[in-house]
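Shown next as structure tokens: one chain only, the form predicted on its own.
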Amino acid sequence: MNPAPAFDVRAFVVGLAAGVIARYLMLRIDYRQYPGYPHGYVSHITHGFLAAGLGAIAWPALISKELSAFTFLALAATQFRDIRRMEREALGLQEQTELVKRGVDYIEGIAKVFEARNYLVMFIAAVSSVVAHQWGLLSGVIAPAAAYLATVHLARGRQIGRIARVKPAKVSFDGPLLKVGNIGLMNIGLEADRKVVLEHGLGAVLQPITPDARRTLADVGQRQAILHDVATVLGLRKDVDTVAFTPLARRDLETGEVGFVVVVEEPDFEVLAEVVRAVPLLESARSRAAHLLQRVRRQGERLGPRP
């Protein structure tokens, strides 16, 4: 009986290094400033190291018939679910002091992304390990670059700019009613507050491109995510006791357009439009109801009227 092949240490090291580097490249700060603290870096890099190790060891363990190593893959799913819970709890605590909240849907989306990135790291490490063992170290160095580009492309989510147009809109008052374009937002009673809104407020209207986009923009969590990102980048001319300056978004029920006003420190509409276009589409808000409705109608037309 032939002995089992020896454990390929070189393939394991190549896979481990590729996974850790990939996790570091994924861990970047954008305008959301998260994660932007040292303990966040340590936590995510450490989990990335563990994920890379699990992915890199899979193939060497298989060819050396060390099947007990695969039990660790089952533990990985539990550990990475804890990452989602950790991020959800951390952002939930921060939410209590935010002037403009992210919203539950946005927080859950961020938590899922951080969990999923560890699975991507496992995949990149596994691919690198297999290629390094089968075709040598040079191929094991090239493979992770291709795997990283492929996973980043596949994992890239859609953004608001894909489903809606951002148009500037006039901020005005009809008596005490604050309006952006033809969409009424809320009543502001004090004349001094209305003056500040007119001087520093930026108004915009989101025009949905498709019927599904109209349903997506109707989601309250999606609109809250837009307001949060805009407030983060442009800054708010608001404090905890100035309710009149709270960003607010409302729908035109006839057209499906969404209008909003933000009273900002830096009134630059071009920046506002870019931020809105870059807001991710939340999984909980994405709708394909229009396609389903059309399919049901076509099926009904094909079957004909019921007896």
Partner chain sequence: MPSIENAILAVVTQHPKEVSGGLPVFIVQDDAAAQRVAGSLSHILDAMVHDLQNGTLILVRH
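Residue numbers count along the first chain shown, from 1. None of the values given here were measured: they were computed from a predicted structure.
As for the form predicted in complex with the partner chain, it is not shown, yet the points below apply to it.
Peer 1: Just one of I188, A231, A213, L91 has a heavy atom within 4.5 angstroms of the partner chain in the model of the complex, so which one?
Peer 2: Spelling it out, the residue with a heavy atom inside the cut-off is I188.
Peer 1: So which of V276, A244, L50, V264 gets a non-hydrogen atom within 4.5 Å of the partner chain in the model of the complex?
Peer 2: Only one listed residue qualifies here, and that residue is A244.
Peer 1: Any chance P176 has a heavy atom within 4.5 Å of the partner chain in the model of the complex?
Peer 2: Residue-level check for P176: yes, a contact with the partner chain.
Peer 1: If we define contact as a non-hydrogen atom of the residue within 4.5 angstroms of the partner, is L253 a contact of the partner chain in the model of the complex?
Peer 2: Taking the distances in the model of the complex, the answer for L253 is no, it never comes within 4.5 Å of the partner chain.
Peer 1: When the partner chain is placed as it is in the model of the complex, which of 125 to 133, 180 to 188, 156 to 164, 203 to 211 ends up with heavy atoms within 4.5 Å of it?
Peer 2: Answer to the contact question: 180 to 188.
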